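This document starts with two versions of one protein chain, written out as structure tokens and named structure 1 and structure 2.
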Structure 1
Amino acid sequence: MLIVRNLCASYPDGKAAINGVSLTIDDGERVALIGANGAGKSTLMRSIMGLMPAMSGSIEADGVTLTQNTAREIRKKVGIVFQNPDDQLFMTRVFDDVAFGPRNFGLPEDEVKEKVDSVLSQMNIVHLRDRVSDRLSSGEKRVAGIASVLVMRPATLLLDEPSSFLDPRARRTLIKTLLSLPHAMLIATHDLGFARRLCSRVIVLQNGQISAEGTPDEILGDEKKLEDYGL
């Protein structure tokens, strides 16, 4: 369970991008985070991971409160897929990118290999295993980046625009994969069909604050309201 209380976060230039956000995501719950460009979705996700230089409020994942001392422990419990796939991949080969987390946690190499191959197969990208990460297409990078997070099996996933760059088949595979996972998820997306397919609750962010929250029918079913939310 992820509990965020009264979170505020600002950038070094003084820009307050998150202004008092509180939310709870129950075990296994999938929640969509929608809002116009610049609403603060990515900043909120970065803040939950403790990646913002200036922040206040509290973040608790499975009973552990985020502090400098617990950041590593929290990152085992909460995984983030960044909006920009280039922020996710930094090794030479896709295999090594996906293996990075498991190796970092000291798993023996045969277990690493088993885990990596299993997640590559789950994501339908076995053919990318030995490719140079940097030379993949944006969609291929996206799926490889998601695999590098899923391989760690974090209890909670923060997915920032996971369906961007994906072709229809890769998008369907991703929906199927995410539906099959027991994890709690916060999914920032402009792909409202994707949100509807996956999420039982929708949170609307506007100017760094939650302006509405409800079921997909309540929030996504009313075009006039969506326009009011800047969408």
Structure 2
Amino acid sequence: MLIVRNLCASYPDGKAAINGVSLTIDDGERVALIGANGAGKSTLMRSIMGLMPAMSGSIEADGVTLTQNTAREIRKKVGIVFQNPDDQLFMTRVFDDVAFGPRNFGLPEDEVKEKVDSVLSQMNIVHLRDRVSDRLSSGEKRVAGIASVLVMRPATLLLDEPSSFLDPRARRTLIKTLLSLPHAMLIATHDLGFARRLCSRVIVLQNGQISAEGTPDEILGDEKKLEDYGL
């Protein structure tokens, strides 16, 4: 379970980015986070990961509260998939990208290999194991980026615009892949059809605050409300 309570965070220039956001994501629940550009979606996700310091409020994942001392533990429980796969993949081979996390946590190489091979099999990308990351298609990069997070076995996934850069076929493959995973997910997206296919709940963020919350039908089925939300 991921619990965010009254979270406030600012950009480096001091401008408020997140203002009093509270949300809970239950185990296995998939929640869409929508909002216009600049609403604070990416900032919220970075704050949850401890990548952007919060001014106030609290973040709790599986009973662990985020502090400077627990940030490493939180990142075992919550994994983030960035909007641009090239920010996720920076090693030479896909195997090494997926192995980076376990190696960084000091696991022995035989255990690293076992974990990487397991997650590559789970994601049906064993054939990409020795491929050069920057020569993958956008869809292949996206799935490899997800694998690099799943290998750490987090309970919750944060996905920032996961369907961006994808053609229709790769988008369908990604939807099928995410639906097959048991993880809780917070999915920031402008792709409202993607949100409707995947999520049971939708949260609308405006100017760093939650302005609406409900089922996909309640939130996404009203075009006038979507206009009001800047979508």
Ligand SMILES: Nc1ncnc2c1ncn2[C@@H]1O[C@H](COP(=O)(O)OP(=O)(O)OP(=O)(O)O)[C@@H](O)[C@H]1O
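Take the two forms, superpose them, and find the largest set of C-alpha atoms that agree within 1.5 Å; that set is the rigid core. Please read these numbers as outputs of a predicted model, since none were measured by experiment. Throughout, residue numbering runs from 1 along the sequence of structure 1.
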Of the two forms I pasted, which one is the form predicted together with this ligand: 1 or 2? 1
Where is the hinge among Gly79, Leu178, Val119, Cys199, given that one rigid part rotates against another between the two structures? Gly79
Should the larger rigid part be superposed on its C-alpha atoms, how many degrees would the smaller part be seen to turn between the two structures? 16
Cα shift between the two structures at Lys113, which is computed once both forms share a superposed rigid core (Å): 3.3
